[in-house]
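Here you get one chain, nothing else, as structure tokens; it is the form predicted alone.
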């Protein structure tokens, strides 16, 4: 495991006898893009607010760079840029003037940081266009620019793609990847849309009813959702030998004593059947299977998703 920049240990938060968080233990690795996935009311925003110190959990604790205690946590949070609720921008001011206001408010002495940050998020050429005329995607990028003024090591974004059109989603996706790759910013991003996170996330956490029910890497998720031929035969040893020697593939796994998951020849099952038939192997069944991301999510959390 890589270095952990944020870790929560059994966070629990109760509101009026209702558990908003129920023993949430989350691990955010340095350099990752962590997608926190869950339907509305699952506890995503509450988790992020607890990490940021905006609410106090009833029990459990938080580590930032391995440190606990209020003084150390306060220092660690100074390295985090976040959008939980959109920053208040002045509607009749330009992007540059809005950021200039926050630069002064934050006591930042480098005047170049405003222009550099606007260029970084793709708003360097909007000129004197007023904030009130911005598209939602432009407003989101300005919000991220606000976060970047402090040159953060970690970026926390709560449902940033809500309401964006396809172009806005694509622009935001590119920006997050750019910040992660070029600026080495670790990203924790929440959403109820797994398919969108799948374009950028390296790690996932799935939440339901205040519980973090699973953490998984993108590679593991891809493996679990990968298409395959499920083949039941009467002789596993002979069948796997034929896969390797006749069909020249090692891209399979034995699921149990009489079942093979074959990840090649997805659309060429006849070729597999022919090789097995000629060698006297009895095929009990052969089916193409695989799970779409949304199906995977629904199977994991159960029930219908209310986005």
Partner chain sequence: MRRYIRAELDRNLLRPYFLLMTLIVTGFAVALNVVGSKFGGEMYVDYSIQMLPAFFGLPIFLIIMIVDMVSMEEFKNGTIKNIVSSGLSREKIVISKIIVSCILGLIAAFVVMGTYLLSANILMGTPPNIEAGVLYRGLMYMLIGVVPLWLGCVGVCTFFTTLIDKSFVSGFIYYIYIVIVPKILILANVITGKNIFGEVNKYMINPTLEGIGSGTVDFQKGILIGLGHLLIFGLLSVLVFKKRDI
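Residue numbers count along the first chain shown, from 1. By rigid core we mean the largest C-alpha set that fits within 1.5 Å across both forms. Computed from a predicted model, the values in this text were never measured in an experiment.
Omitted from view is the form predicted in complex with the partner chain, to which the following refers.
Among 214 to 222, 188 to 196, 117 to 125, 85 to 93, which stretch has residues with heavy atoms no more than 4.5 Å from the partner chain in the predicted complex?
Within 4.5 Å of the partner lies stretch 85 to 93.
Does the partner chain come within 4.5 Å of any heavy atom of residue 104 in the predicted complex?
Contact check for residue 104: yes, within 4.5 Å of the partner chain in the predicted complex.
Going by a heavy atom distance of 4.5 Å, is residue 56 a contact of the partner chain in the predicted complex?
Residue 56: yes, in contact with the partner chain in the predicted complex.
4.5 Å heavy atom contact, residue 52 and the partner chain in the predicted complex:
Residue 52 belongs to the contact set for the partner chain.
My question is simply whether residue 112 lines the interface with the partner chain in the predicted complex - judged by any non-hydrogen atom within 4.5 Å.
Residue-level check for residue 112: no, no contact with the partner chain.
Between 173, 77, 139, 232, only one gets a heavy atom within 4.5 angstroms of the partner chain in the predicted complex; which residue is that?
Of the candidates 173, 77, 139, 232, 77 is the one lying within 4.5 Å of the partner chain in the predicted complex.
Out of 124 to 152, which residues reach within 4.5 Å of the partner chain in the predicted complex, heavy atoms considered?
The stretch touches the partner through 146 alone.
Superposing on the rigid core, is the Cα displacement of residue 215 between the shown form and the other one 2 Å or more?
Stays below the 2 Å threshold, so no.
Superpose on the rigid core, then tell me if the C-alpha of residue 86 is displaced by 2 angstroms or more between the shown form and the other one.
For residue 86, whose C-alpha is compared between the shown form and the other one after core superposition, the shift is 2 Å or more.
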